[in-house]
Structure formats: C-alpha cells, structure tokens
Ligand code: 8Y4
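Taking the form predicted on its own, here's one chain by itself in structure tokens.
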C-alpha cells in the first residue's frame, strides 16, 4: 500500500484520497479563465479550497485546453511566481504544485516554494527531469496524445488503455533511470488530452489497471468536455457529474483527485474511501 508521497521537504499522506485544488491564473482557461489572475484573488480562492479540505494547490499559468495558445515563458513566470511566493508565505505547510511543461517555469516555481510538478508533457522537455531530481519534487507524469492545440483532432488508438499504460511505464522507467526517485512519481492517464469520449470512458472503466502499477494515481475530470458529451450541460452545470466521476475514481483506487469544486467533492470522496476500506 502506498503510504506517503515525498514532496521536496514535505510529504503527502496517501493512505486517504487527497484533493488537489485547481488554481488557474490564466485569462483563457476553459472553466475559470480570468477569475484568479491577481495575487489577492488567487490567495482568496486558495484559502477557500484549503478551508474546504484541499491539501494541494495546483497553480497553472498556461491553459492546456484544446486549441489553447502557447504562452511565452516570461509571461507564464509573471503569472505564477508571485502567487506561489504568496501562497508559501501564508501556507507554509501546504503542498504547492506547478502546472507547467516548461523547465524554466518549473525551476523558478521550486525556488519560489513549489514542491510538486504537474506536467501534461510527462517531463519530456529537455531539462525537466533535472529540475525534478535536483529539488526532490513530487512529479505527475501525464499521458497526452499530440499537443493542446491539436490533441482533439481525431485522436486514434488501437487499444487506448494498453497504449496509455505502456507510455506511462516507459516514462516512469526513463525518469528513474535519470535518477528521480520512484517514490516521488505519480501517474495520470490524461483524461481529455487527446482522447474521444469512448476512449475516456474506457480509461475510467479500467482505472484499476493503472492502480496495479503500484504508483500513486492522479485523475482530473473536473468540468471537462467529456462530461458535456454525456449530460449536455455547460461548464458551470457539470459539478455533480464531476463529483460522480471523482467518486468512481476513488472507489477504483485513485489517490489524488484534481478538482475545481473542492467542498462539493471532498465529502463524497471521504465517504467513498470509508466504504472501500470498511
């Protein structure tokens, strides 16, 4: 049983499911773009999520929604670093995640106080693994077919579950061979990142195969378009369906649930964990 996740000089208890609160400090994220771009607004949203039970705050300065534009490194740094510094000052014990694929952003975020790297590109950029290793950061390796601009243009797999598993196993091997401690590694199948609705649903249905790899499993469904494909509702009306998916994932063994709506998710996850472990 996975017990703890090292995160720099801190650790995260994985004997119970943990909630990662999404803090997008971007003008164009699909759900909350523009709401938390100032330090004051970002801090208040973080206070709300932490009070509701989030143990990780995931700070992102570049949208990875389908068709999202690339953000220059300096602009991304200008968005995230002041907020990470303010978060670390106010919440010395919280786990702060940097949601980025750029090694320079990862590095500056670590210096500013982050201790978790959440990378949709699975540390494949040159220099990314070095930052993770040197700072003993927790790292989430996610699967994505293609790139955000093009990933939803007819994604194709022969066997989506097996292919995502093979990719994640390969990246874990490459990271550990580079010197990253396997205990620091989290995996994420990448729901909505180069997958159709049937492919996403198959990944949910077979999540236990990812749990069987013996690594912490992070999942993120919150408010995503895969939900709209089933219930036909706009972003701000997908909360209950997001909670339902979080509950399914928890029951199948997911360790970290990445969400916008912390208070709405955490009671369901706690109860699911109690039933699963009864």
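Predicted, not measured: the structure shown is a model, and the values here were computed from it. Positions refer to the first chain, counted from 1.
One more form of this protein exists, namely the form predicted in complex with the ligand; it is left out here, but the text below deals with it.
The stretch from 118-126, 161-169, 176-184, 73-81 that comes within 4.5 Å of the ligand in the predicted bound form, counting heavy atoms only, is 118-126.
Interface residue among 203, 131, 87, 140 relative to the ligand in the predicted bound form, by the heavy atom within 4.5 Å criterion: 140. The ligand in the predicted bound form comes within 4.5 Å of a heavy atom belonging to residue 224.
Although the partner is absent here, residue 252 is not a contact residue: none of its heavy atoms lies within 4.5 angstroms of the ligand in the predicted bound form.
The closest non-hydrogen atom of residue 57 lies beyond 4.5 Å of the ligand in the predicted bound form. When the ligand is considered in the predicted bound form, residue 218 lines it closely, a heavy atom lying within 4.5 Å. Contact residues in stretch 232-270 (any heavy atom within 4.5 Å of the ligand, taken in the predicted bound form) are 235, 258, 260.
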